[in-house]
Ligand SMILES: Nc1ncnc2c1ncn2[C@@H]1O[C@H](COP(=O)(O)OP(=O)(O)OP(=O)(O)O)[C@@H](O)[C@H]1O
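What follows is a single chain, given as C-alpha cells, in the form predicted on its own.
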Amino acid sequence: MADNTEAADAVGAVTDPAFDVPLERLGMPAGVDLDGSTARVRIRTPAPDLPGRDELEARILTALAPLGVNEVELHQVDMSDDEIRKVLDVIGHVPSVSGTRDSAFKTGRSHARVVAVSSGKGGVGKSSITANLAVALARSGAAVGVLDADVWGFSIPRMIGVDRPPSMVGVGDTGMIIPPVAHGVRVVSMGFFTDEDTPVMWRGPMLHKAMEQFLVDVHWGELDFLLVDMPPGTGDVSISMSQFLPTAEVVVVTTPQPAAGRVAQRAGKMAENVDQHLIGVIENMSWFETPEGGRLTIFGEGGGTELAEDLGVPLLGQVPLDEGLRVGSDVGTPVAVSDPEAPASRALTDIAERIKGIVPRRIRRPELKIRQV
C-alpha cells in the first residue's frame, strides 16, 4: 500500500504544463494525503488563476495511478513573494538591464524554429493558415507557440479557440506572462489586452515596445516552433519583428489570383532585404471541390506557382476553399481538429510536414541591415 511520502515523490516529478519544469524544482508541492483511491494534493501556485490547471490535474492523476489512485482533488495554496521569485529564477526570467533585453529567440537560448507567416495584403487567409498550421504541427508532436503580431487585425485567439487570458506571475515590477493553451498551442495576442471591437491606434514606437514585450516577457517554454502571424504588408511591425527575430524563416501566403501574387511578392522581397530565410509560398483558396468531385478555380489559377518561381522558393502547398476552415475560424475549432480528413486539413498537414523537413539556417545577426534594391 502506497504512503503519502511515495505519493509526494510522484507528484514532485510531474512536469508543470505551464512552465515545462518538474513541480519539485518550482517548489510547488505542498503535501499529499491519500485516502483510499483518492489523493488530496496541495499545490503552491504563483498566480490565483493557475495556468493549465486541468492538464496539471490530469498529469498528477497519471503519475499516481500506479499507486492505486483514481481520483485527485487539487487544492491551491498561494505562494509567498520569495517562492514566486524562485519560480521566476527556475524558469529563466532575466531581469531587464537599462530597460532593454533580448528574447531567447534572438540570443539562441531557445532552440525553437521561428516561422513568420506573411502576406502582401489582407484577405488572403494568412491568419487561418497560421492557426491551422500551428495545430497541425502540435498534433504531429511538436511544442508550438503562436505570436499574433497582426496588432491591427488580431484574430488568432478567436480562430484557435483560446477562452481565457494569459496569467501573470511576478513580484512588484518583475514578472512573466504565462500564455494560455488551446489545442496544444500556446498563444499570445494583442487581443488579450484590448477589447475585440476596440481599434489599436498606436504609432511605431508603441508597437515596437509591445512586440518586444510579447517576445521577452512571455514564458514560451521549450518550443519546437514559434509561428508569428505577421500583419500584412511591410510596415513598422514587420521591420521591428525582423530586428527581434533575425533568424526567422518566412512563409508568404497568397491566393491563385495573379494580382494578389504581385502584392505578396513585396513581403517576400522584404524578407530577402533584411536577410531572413524565405522558405516558401502557400497558396490559399486554390479551388473549390464540388460534391461531384470537380474543381472550381474561383480565384483563378497559377498565382502561387508564379510567385514561388519569382522568389526562387518552393510552393509548399495549395489549400482549397473549405467551409470547415471558415466555420472553424469563427467558432474556435480549427478544421485540423474538427475534420482532420477534410481536403484543407490534409493540405495543411502536408505543408506542416514540409516545413518540418526544411533544414533551418542558423545565422545570427545582431542588427537589422536593409539592403537597397
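Keep in mind the model is a prediction, meaning the values are calculated, not measured. Don't overthink the numbering: it's just position in the shown sequence, from 1.
The same protein has a further form, the form predicted in complex with the named molecule, not shown here; the description that follows concerns it.
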item	value
Segment assignment from 242-250, 83-91, 219-227, 124-132: heavy atom within 4.5 Å of the named molecule in the predicted complex	124-132
Joint contact, 150, 159 and 329 to the named molecule in the predicted complex, by non-hydrogen atom at 4.5 Å	yes
Candidate from 232, 256, 180, 170 lying within 4.5 Å of the named molecule in the predicted complex - any heavy atom	232
Option touching the named molecule, based on a heavy atom within 4.5 Å in the predicted complex, out of 114, 285, 188, 136	285
Residue 325, heavy atom within 4.5 angstroms of the named molecule in the predicted complex	yes
Residue 27: touches the named molecule in the predicted complex, heavy atom cutoff 4.5 angstroms	no
4.5 Å heavy atom contact, residue 321 to the named molecule in the predicted complex	yes
